[in-house]
Ligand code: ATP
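The data below hold one chain only, encoded as structure tokens and taken in the form predicted on its own.
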Amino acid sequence: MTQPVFLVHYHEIGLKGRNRSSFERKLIDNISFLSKDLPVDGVRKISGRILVHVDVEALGPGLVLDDEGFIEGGLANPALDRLFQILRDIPGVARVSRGWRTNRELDDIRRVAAKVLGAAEPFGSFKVRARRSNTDFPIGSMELNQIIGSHLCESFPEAKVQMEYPDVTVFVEVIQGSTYIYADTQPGMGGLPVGTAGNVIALLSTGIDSPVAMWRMIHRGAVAIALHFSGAPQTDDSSEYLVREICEGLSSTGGVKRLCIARIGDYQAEIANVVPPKLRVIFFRRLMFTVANEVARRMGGKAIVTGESLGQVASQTMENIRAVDAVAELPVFRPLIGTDKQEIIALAQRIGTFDLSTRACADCCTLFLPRSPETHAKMREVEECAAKMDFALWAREICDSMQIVECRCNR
């Protein structure tokens, strides 16, 4: 019997030694969760791969099968296209392939390989890459390449075999009791499965940098609790709606657990009345970190994540970073610290947050900004000003009134 399937390939997980099975289980669990509304009829591990079975009946009443049981028109189906995209966006997935599962009979393997190559038309050249996962299949990989290649040459006499840079590569993998044949294969996100690295409190603005920083931590297996600071009521609440869209845009990763919206405009006004203008930005950041400490206590965060890049703005010099970090009770991760703006923009475009981050909206970061902010803060002066305010009390007040939005996450 021939069945449509997706094969999920992974790389870094395979290097985990004794912990490999736990990473595989996390990835299977995440795939099952994120694909539960799509035509999937089971997710399971096979040798070196994760197999996603397609529920053919769920593809719709207009589905037509040919005489051999293949979907007429191949696997180009809107629901399957959506599933393909979802699988590629899941952290831990190195590559995704969609094709067919059949038995280990040579006649059936040849027949399915011809169907797979035919679905890739038009093409002028092709090659076959066959392998077997163990020796209980009597035909070796090299011989299987020759057998399938000869059959495809007969089936497509106008096409030529080309070993380097062919138009189409037909993959034939004999794994355990089945054969998997495909030509449509695309790279995934890579990284590690969400849920393997704990929760982080990700400071999320509406700018370009912080969504990319949060994505990078999700890519490494972390679950993000997004913390957005709104300038309301000193500004309007437009940023609050925009960060919702950003979190929704990253929902396909399954790595955003919730969005916390903290309104700090009035507290910023209080800071502006107390500290010298040149130190306002530093104290706005110290308040944010103090609130992040409180959110971590309430929600179980293990680290704080920011989108800072060294030297990009006044608050991101080494001295100012030190002055802000002094209030942090957790490790502070800065995944973008060594990247320049063009690199960050390119990654934002890749993950789909750039267009959202370039929309104009009111932002707490622009409130009460001085003309000449301090770039090399002195800790003694900072601590003298800090003694005049009770940030711990403010943080509790801010968190008590914080708006919490649950997101699509399996954790």
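Note that residue numbering begins at 1 and tracks the sequence as displayed. The structure presented is a predicted model; accordingly, all values stated were derived computationally and were not measured.
This next part talks about the form predicted in complex with the named molecule, which is not shown.
Contact check for residue 316: a heavy atom falls within 4.5 Å of the named molecule in the predicted bound form. Although the partner is absent here, residue 386 sits far enough away that none of its heavy atoms falls within 4.5 Å of the named molecule in the predicted bound form. Residue contact check for residue 364: one or more of its heavy atoms lie within 4.5 Å of the named molecule in the predicted bound form. In the predicted bound form, the named molecule lies farther than 4.5 Å from every heavy atom of residue 117. In plain terms, the part of the chain that comes close to the named molecule in the predicted bound form, with a heavy atom within 4.5 Å, is 284-292 out of 172-180, 192-200, 148-156, 284-292.
Think of it this way: in the predicted bound form, the named molecule has a heavy atom of just one of 311, 277, 140, 207 within 4.5 Å, and the residue is 207. Checked against the named molecule in the predicted bound form, the residues 96, 227, 218, 113 give one hit for a heavy atom within 4.5 Å, which is 227.
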